[in-house]
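Have a look below at one chain only, the form predicted alone, in C-alpha cells format.
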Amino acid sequence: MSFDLPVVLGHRGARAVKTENTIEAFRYACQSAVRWVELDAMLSKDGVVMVFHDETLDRMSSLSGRLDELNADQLRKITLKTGAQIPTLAEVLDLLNEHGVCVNIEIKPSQAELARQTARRVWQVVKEKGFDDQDRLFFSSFAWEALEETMALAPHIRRGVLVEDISGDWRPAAKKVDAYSINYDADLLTPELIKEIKDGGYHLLAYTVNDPQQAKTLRSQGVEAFFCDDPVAMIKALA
C-alpha cells in the first residue's frame, strides 16, 4: 500500500448519517467503501484517549460538564442523545483495522497544556493497535505543539496543520512541523490563498465541505481533498 488520500474523507466518520465520532458512524463509513475517515482524539481524566469532539458533554448528551473531568469508565457509561456511546480510540482503531480503512486523527487536547500529553497517548494507542503505518495514518491538529510532539515521536507519520482563521499564523507552524498538508476552513479559502499554499509545497485539504458545487469549484482551484459529513453522497456527486 502507498499513501494515497482520496478526494473525500468521512468527517467524524459520517456525521450527517450516524452520530459523529461513534462506532456506528465509523462502521457505516467502513461498510460504505469510504477509504479514509477523520476523528477527534481527546483525553479522559485518567488519560484514556476518547473519540469525541467537544470539550464539554452538553451538545451531545443530556449531561453538562467537561469531558476531561470524568474517567474513561464513566464516559463509556454515558448514553448520548442519539442512544450511542462514546468510544475509545482503541475501539475505533480495532474497527478500522477490521475493514482496512485509513484514518486522519485530529489530536484535540481539551486544554492547551495537554497538547503534548495527548499526542503521546494517541501515539501509544496507535502503536498498540498496529496502526503506526505511514500509508494508513496521518495526524492533524489546531494545537501545533501536539504536531511537534508527533514529529519527535513518529517523524514518518505525515502531519497536517489545521487552520480556522486568516491570520497567517500557520506559516511558521507548518515549517516547524514539516507539514505534509494545510487543512483549511473551506469558507476562508480564496484562489490567492490556495495558490500560496500550493506554491509553498503543501497539499491542501478543506473542511467541512458538504455542497458538491463548492467541492467542484475548490477542486478546480487546487484543493485536493475534502472532509465531508456525508462522504458517500459526496463521492457519488463528484464521480
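Rigid core: the largest C-alpha set superposing within 1.5 Å between the two forms. Quick note: we count residues from 1 along the sequence shown, nothing fancier. Keep in mind that this is a model prediction, so the values were computed, not measured.
The protein also exists as the form predicted in complex with SN-glycerol-3-phosphate (G3P); that form is not presented, and the subsequent description refers to it.
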- Message: Each of 11, 108 and 207 within 4.5 Å of SN-glycerol-3-phosphate (G3P) in the predicted complex, by any heavy atom, yes or no?
- Response: yes
- Which listed residue (53, 27, 203, 66) meets the criterion of a heavy atom within 4.5 Å of SN-glycerol-3-phosphate (G3P) in the predicted complex? 53
- Query: Out of 162, 93, 157, 102, which one falls within 4.5 Å of SN-glycerol-3-phosphate (G3P) in the predicted complex, going by heavy atoms?
  - Reply: 162
- Exercise: residue 196 in contact with SN-glycerol-3-phosphate (G3P) in the predicted complex, heavy atom 4.5 Å: no
- Considering SN-glycerol-3-phosphate (G3P) in the predicted complex, find the one stretch among 187 to 195, 36 to 44, 66 to 74, 209 to 217 with heavy atoms no farther than 4.5 Å from it. 36 to 44
- Message: Under the 4.5 Å heavy atom criterion, name the residues of 217 to 239 that approach SN-glycerol-3-phosphate (G3P) in the predicted complex, in sequence order.
- Response: 227
- Core-aligned, is the CA shift for residue 71 between this form and the one not shown 2 angstroms or more? no
- Would you say residue 82 moves its Cα by 2 Å or more between this form and the one not shown, aligning on the core? no
